[in-house]
Every structure is written in structure tokens, then in C-alpha cells.
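Here we start with a single chain on its own, the form predicted on its own, put down as C-alpha cells.
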């Protein structure tokens, strides 16, 4: 009974941690979040996405073709709360909390220290970070993790619920679309479950993906990498420096200032956990190792740079190993918990909104409010350095939009020019554009002071981040 009460308190605390200031931290909506919200809203209201496609299997987000399950499941949240950051991020927060519960369920199968491990899993930086995002990574990982729980719990027989959930996760994220076949292939072979019924069952659940194999949309994230580079990526992902000290992901939108995936002190229980893993029952040991290796392969094959979000599925088995090596000393664990929570609060809730605001497309909410006050004025928004920003005013202003194209799943990239309402997003052309628009919006690199003087532009507004960094300048065109 005490364990149940303790677990309930952990879950309540986790949900609070993942929803605290959810609308304002991160400090603005990133383009990847905005496109999910805009398209979910269009599906809800019109039954088509921004390109006019009815209920797609994969959504053509910036030509990335993202599996659509997450998009469809946030529709009820948008219906209830409206198109806003809270509605967009709430499913990830719920998924993160559920993930904490199933972490406890899995760890308790072979460890008496499950509550301690669960507490720390709930507050590690990368669990918190991904549980507060308005796109699919935590939701997809949680589906996969729940499926693994049912397979692990029923190793003596086949869990069709486990197979179904892992198969379902492929409709939520690119990573799981490659991870699930790898993992299930290894699972069926290692645990000698290659039988006709489960294979037919999996093929039936994968019919939509199988149909998509014959289109460009299925292979959009593929990269041709050499064996040498693949090995280099694995080493980079598993480097103690990457995991515990200095995250090498070049995308600032994937980073929490002054911390990495795990807390630095967790490198010690990792080594003890590896030692404990070796002594586990053979069937559990094989399952965890299979889980970890199969999770690492898609991330290492998916790009030239480290993308820690693509490696998110490795978080769960890695944290299981770390949990096996955690101390049972109550006072030490209380100290480490409070210390870690302090580091998390400083890095995520204080530093991230200030230091990384620009990486989160800060400024477009403020710009949208200005645009709303001047509906009869034409705006040119220079998108030379980021062609995806057109989606942000659509999110903040909830404007009608449609950019119909043919051959949805295989069409070539469309031009980086977008127009709707009184807004046009394109690269600035000095010869043609000064007579067409009333205002020009640019980042700090688009228009120099000399160019502003030469072309008779007057800066009327500068939008800065909480860290006082200029992100957008608004100029009026003096005709």
C-alpha cells in the first residue's frame, strides 16, 4: 500500500512538473510545434490539412512527411482549450506522466529499488524537456515503451497487445517507424517467437505503412551513411561527455542550458548498473540489451549531426541500467533528488526561456499582435534564413490557409513563397517589393542601417528576446 501511495505522489509530481508554466516555457512556439497545431486545427475544422489533403497518413510538414497519429490525437485538446501552446503540449505532458508509470512497472519486474529509479527518471532533463513539447517524440516513445512492458511481462508467451502498441508507435514518429521493425525482428528471433500468427498480425497493423513504402514520403528521412560514420555516430551518442556533461546537438532548440541528457552524477550509478545488468536473469538481460541496441541504430543512421531527439528511445533502457546502480541510502537519494531538482529548475525554468528564446522562434507572437492591429496594411516578412516561419502567424492568429498541391506524397519541394491575409513571406527584393508593401519585417541580418537609409525605410519597432537580443525589426516603407 505504501508503494502505491508513493507511486501516486510521484505521478502527481511528474504531471505538475510537466505542466508547470507549460504555455510560457518554452517561451514561444517553435515552427515544428506550430505546424502540428495549425494542421490539427485545419483537420478539425475542414477535414483537410494545409495542402488540401484529406486525413493524410503522413503529414507533409515542411516536406518532412511526419506520421500523423499525434496530430489527430491533439484535436480534442484544441477543441477544448483552443489553438494555443497549452493545448499543443498537453498530450506530451500526459505521455511523459504515463511513461513514468510504466518505467516503474518495468523496473519493478527485476528490481526492488523501482521507486527510487522512477523518481529520478521523472526528473532527468531529457524526460522533462520532451514531456513539454508540442510534437510527437514523447508520445511515440511512450507508446513504444508501454508495448515493451507487455512483451517483457509476458516473455513466456506472445503479447499481442505489446506487439500492437509497438506497431502503433510507427504511426506517431519517424524514429519508431525504423526502430519498431528492428526491435521486433530481434525480439522474435532471440525469444524464439517466429510464428505465423504474430507475423500476420504485425503485417496487418502495418498495411498503411506498407502502402506508403512505394512513395517518396516513406524514405524522406533516409541518409546514405558509411559504416565508418555510423560507428562514429554511435560513439558520439554514447560518449559520457554527450550523455552527462555537454550535449553535442548543434540545434539550440534541442538543448537545455548548462545540462545534458542526464545529470552529471549519474555516470557513477551507470557503471554500477552495468555490473548489476550482467547478473540479471538471462531473459531480462537480453531484452534490455536488445532494446538499447535497436534504439540506438535509427538515431545513428538518421543524419550527419547528432540529434538527441532521434535518440530519445535509448533514454528508457539507459535509465533502467542507471536505476539498477542507484544507491539504496535514503539520505543520499534525498540529497541527490533535491540537488538535481535545483539544477533542473535553474537550467530549464530560468535559463532556457532567456538564453534559448531565439532558437524557439521568439518574436512571432509579438509580431502577430502588431499585425492584428493593422489588418489593412501589407507586410513583407523576409524568410531568407528560415523559410518555415510562415506557419507561426497562422498559429497565433488562427488564420484560414490553403496551399493546394497535387501528388501530395511525392510532389517536389514547393517554392519558399507564402501569402495569406495581408502577409507575404519571401526573400526581400529591393527592386520589386518597396512599391508593393507597407511594412517590411526582417531579422537582424536582412537590412543594414545603410540599406534602410538608402531605401527610405524607418524602423518603427524592434522585437527583442527576454535576454535583450534583437530577433525582428519592423520597418515602414516611406513611399
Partner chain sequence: MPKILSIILFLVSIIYLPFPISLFSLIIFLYLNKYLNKYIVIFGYILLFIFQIYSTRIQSNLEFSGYQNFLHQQNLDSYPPSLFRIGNIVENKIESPLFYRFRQNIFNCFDFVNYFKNYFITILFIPFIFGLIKLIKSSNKTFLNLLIISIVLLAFIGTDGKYGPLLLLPFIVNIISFYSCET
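Bear in mind that the values here come from a model prediction, so they are computed numbers and not experimental data. Numbering follows the first chain given and starts at 1.
Heads up, the form predicted together with its partner chain isn't pictured, but that's what we're talking about next.
- This chain is displayed without its partner chain, yet in the predicted bound form the stretch 348-356 from 348-356, 140-148, 70-78, 403-411 comes within 4.5 Å of it by heavy atoms.
- Within this chain, residue 244 lines the site of its partner chain in the predicted bound form, having a heavy atom no more than 4.5 Å away.
- In the predicted bound form, no heavy atom of residue 111 sits within 4.5 Å of its partner chain.
- Its partner chain in the predicted bound form is approached by residue 227, whose closest heavy atom lies within 4.5 angstroms of it.
- Although the partner is absent here, residue 377 is not a contact residue: none of its heavy atoms lies within 4.5 angstroms of its partner chain in the predicted bound form.
- Looking at its partner chain in the predicted bound form, residues 238, 258 and 267 each place a heavy atom within 4.5 Å of it.
- A heavy atom within 4.5 Å of its partner chain in the predicted bound form is found for exactly one of 331, 214, 219, 339: 339.
- This chain appears without its partner; in the predicted bound form, the one residue of 189, 210, 372, 274 with a heavy atom within 4.5 Å of its partner chain is 274.
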